[in-house]
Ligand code: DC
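Take a look at this single chain, the form predicted alone, given in structure tokens.
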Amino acid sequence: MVNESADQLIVAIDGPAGAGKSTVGRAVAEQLHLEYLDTGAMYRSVTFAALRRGLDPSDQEAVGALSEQIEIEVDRERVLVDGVDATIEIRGREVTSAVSAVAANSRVRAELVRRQRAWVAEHGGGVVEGRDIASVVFPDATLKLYVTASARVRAERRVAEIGGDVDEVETSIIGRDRQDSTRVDSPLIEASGAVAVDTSDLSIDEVVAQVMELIPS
């Protein structure tokens, strides 16, 4: 059962890497007084755990089994993996370069979808963002959004945050988009009934205001 209670307010946000989903999701959750879940951090947590154990991120059996064993705690401030603060490490280059392989693992996806649904049931709703939230995890969400931006804008934002070369980052982002949208299990798509929001030329305040107008009264 996906949406256990009709009175749960669930905002499902999907979109490609670097489009501003996390920033928008946190701000919307704040305004709605809801809890916020970044599901990408969960996939990064599995990747972090796999790398710490010396596992090949592409080893589907080993990484799939690992995803069912580890403890993951994700909140607004930090990410704990088996009690270890991995908040910074999961955003590093090593994890970033390996997370697509982990995210394409069907066993990992099944386990994390189970955890995501349990999280929403526990919190009585929430703002949940990722790449398959509206299409797979919560297709009956109260509001489904597809937040996007041009690859160039996303690259410029990433470089502003962590440094690097814009052209190289843009190439990496385009490659990540291709991987996410062509994987067999839960590819990145604009879900049926989702509202597309292009953040390329909008401020966060403008995006949030636009989203808030879409919340049912």
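Keep in mind that what you see is a predicted model, and the values were worked out from it rather than measured. All residue numbers refer to positions in the sequence shown, first residue = 1.
What comes next is about the form predicted together with the ligand, which does not appear here.
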query: Interface membership of residue 147, the ligand in the predicted bound form, 4.5 Å heavy atom rule; finding: no
query: Distance check, residue 44 to the ligand in the predicted bound form, heavy atom within 4.5 Å; finding: yes
query: Contact of residue 39 with the ligand in the predicted bound form (heavy atom, 4.5 Å); finding: yes
query: Partner contact for residue 99 in the predicted bound form: the ligand, 4.5 angstroms, heavy atom; finding: yes
query: Candidate stretches 74 to 82, 117 to 125, 99 to 107, 138 to 146 - the one whose heavy atoms come within 4.5 Å of the ligand in the predicted bound form; finding: 99 to 107
query: Within 4.5 Å of the ligand in the predicted bound form: residues from 112 to 135 (heavy atom criterion); finding: 129, 130, 131, 132, 133
